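Heads up, what comes next is one protein chain in two forms, each shown on its own as structure tokens, labelled structure 1 and structure 2.
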Structure 1
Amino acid sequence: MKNELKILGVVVIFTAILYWGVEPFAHTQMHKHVDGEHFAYSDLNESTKKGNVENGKTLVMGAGACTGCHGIQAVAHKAPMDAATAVSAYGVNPPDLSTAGGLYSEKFLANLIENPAHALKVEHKFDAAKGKMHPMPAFYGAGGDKAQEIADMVAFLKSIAPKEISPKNAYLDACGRCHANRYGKLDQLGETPTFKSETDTLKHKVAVLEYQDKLKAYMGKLPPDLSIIIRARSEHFLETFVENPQSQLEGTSMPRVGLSAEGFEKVKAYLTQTGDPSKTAREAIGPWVLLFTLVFTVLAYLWKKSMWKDH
């Protein structure tokens, strides 16, 4: 028995060293290490102003011109253009703003309104000085204190955001205009409908392809389908990448989306639903299977002991 444990010890030690070498250690050597900041966006300016919701509403729906491009279903404002027209005009369909106040960091939103290219970290693509304007214009103020006006708009967006945003809606609003998710039956136009006739199915497919072509022209490449990205990248990568795409892929055209920590949890929950749907089942069944093998082993041990008694 003592001998056997000693041998087991040797086997375990060599296996552990091997495992450490090809897994944790190799990964530290293969991937750039990026420290996250837990969605603090410390490079952006903090505003101390307290926003006024009523004034914010007037600005968003009026002088701020947000509704000239964005729909806001929460206040029954339909998007001024359909996705096909919008993608032709802007390269990508501006998202509905109903959930923006709930998904994005407050600080990020204020900076986004003030200077989109800067907040989105795409100044390498959109340099106003060279005449390359970001499709979403910077807000130049409506005549009053600009910082106050921005704070008002942010306060308004926060006031209309639903208390509970479903993971799917979080995904649709934050990532859906660029990334399809075929396992979740989503394309860049939203939920992929099922049609009775093949003609309609194909028509929809063509509409999606046309959208993707324009998106490709705007982004330089088609953003990948995120159906199973949760298993293709580590959690740490996803978190730091969404927080700041430039930190992991320098020069990439994917904007910094500006999610808050909770907003990211929502998006991650959706990516888990589509990419790792067995997670809950795994966690539920795992302990029982392990218990079974444990009982099996104890019984086998007793059997072995009785068999070897006289040997």
Structure 2
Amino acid sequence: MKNELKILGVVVIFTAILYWGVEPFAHTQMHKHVDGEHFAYSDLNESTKKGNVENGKTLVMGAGACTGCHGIQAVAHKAPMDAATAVSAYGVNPPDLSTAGGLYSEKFLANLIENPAHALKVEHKFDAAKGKMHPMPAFYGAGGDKAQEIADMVAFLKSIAPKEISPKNAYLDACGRCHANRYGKLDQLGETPTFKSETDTLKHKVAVLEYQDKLKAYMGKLPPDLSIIIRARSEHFLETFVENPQSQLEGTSMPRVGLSAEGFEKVKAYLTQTGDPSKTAREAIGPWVLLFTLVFTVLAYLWKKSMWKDH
């Protein structure tokens, strides 16, 4: 028994040295640690104004010119262009703003309206001084206090946001216009339809490929499919990357998404549903497996002690 314990001890020690000494070191060399802010966006300006919803609606639907590019289904305003036309004009299809007030940080929305390139952290790609303007124009005010007008617009967007946003809709609005998710049967145009005719199927595939070509030209490369990203990357990496893509991949064309902490949790929930659907069942059965292992270990020890008691 003593020799067996010694052998076990040696195995445990060497395993610990290899795992805790080598693997973490290799990880630190391959992936730098990034401290997150839990979507506080400390680099963005804080608004001290209290927004007026009615004036915000007037601005968003009128002088703010938001509806010139964006649809707002919540107030029955259709997008001025279909996805194919929009991606040709802007490089990516502008999102419907119905859920913006519920998914994104209030601070981010205010800064996005005032200075899109700065809020999205893509100033390295869109530098107005060099004549490279971001497709979304900055809001210069409608004749009054610009800070108050922006606060009003944000208040309106928050007022029309649904109280409950499903994980799937959160993903579609925040990520789906650039990233496909084949496990969720989603492409950049939305849910992939099932057609009766092979001709219609091919037409849809062509439409997706044409959208992807425009998106690739705008971004520099086609954004990856996110079907299994939840298993390929750690939760901390995903959170800090969504919060600030430049922190993990300097120079990337991916904009800062601007999600609130709650919005990120919804997107993560959908990525978990599609990329790791057995997670809930696996976590539920985990304690029972550990209990079985413990009971089996005790029984095995008692059996061994009984068999070897005369030796």
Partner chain sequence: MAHFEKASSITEWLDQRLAITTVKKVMALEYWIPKNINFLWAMGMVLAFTFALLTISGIFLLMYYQPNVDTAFDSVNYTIMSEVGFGWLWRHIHGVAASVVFLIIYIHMFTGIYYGSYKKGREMIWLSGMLLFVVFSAEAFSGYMLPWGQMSYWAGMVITNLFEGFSPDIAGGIMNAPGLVEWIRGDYVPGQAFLSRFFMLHVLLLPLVIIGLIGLHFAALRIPHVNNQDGEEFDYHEAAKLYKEGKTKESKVIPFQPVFLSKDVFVLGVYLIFFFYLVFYHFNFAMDPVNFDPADGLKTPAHIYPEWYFLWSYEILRPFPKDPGLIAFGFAQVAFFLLPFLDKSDTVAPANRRGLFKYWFWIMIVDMIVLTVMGKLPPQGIWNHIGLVAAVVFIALFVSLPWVTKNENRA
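Counting starts at 1 with the first residue of structure 1 and goes up one by one along its sequence. Basically, rigid core = biggest C-alpha set you can superpose within 1.5 Å across the two forms. This one's a predicted model, so the numbers in the text were calculated from it and none came from an experiment.
Engineer: Name the structure that matches the description of the form predicted alone.
Structural biologist: Structure 2, which is the form predicted alone, differs in this respect from structure 1.
Engineer: Quick one: once the rigid core is lined up, does Gly251 have its C-alpha move by 2 Å or more between structures 1 and 2?
Structural biologist: After core superposition, the C-alpha of Gly251 moves less than 2 Å between structures 1 and 2.
Engineer: Fitting the rigid core first, would the Cα of Gly286 be found 2 Å or more away between structures 1 and 2?
Structural biologist: Yes, Gly286 moves 2 Å or more.
Engineer: Please give the CA displacement of Phe14 between structures 1 and 2, in Å, after core superposition.
Structural biologist: The alpha-carbon displacement, core-superposed, is 3.3 Å.
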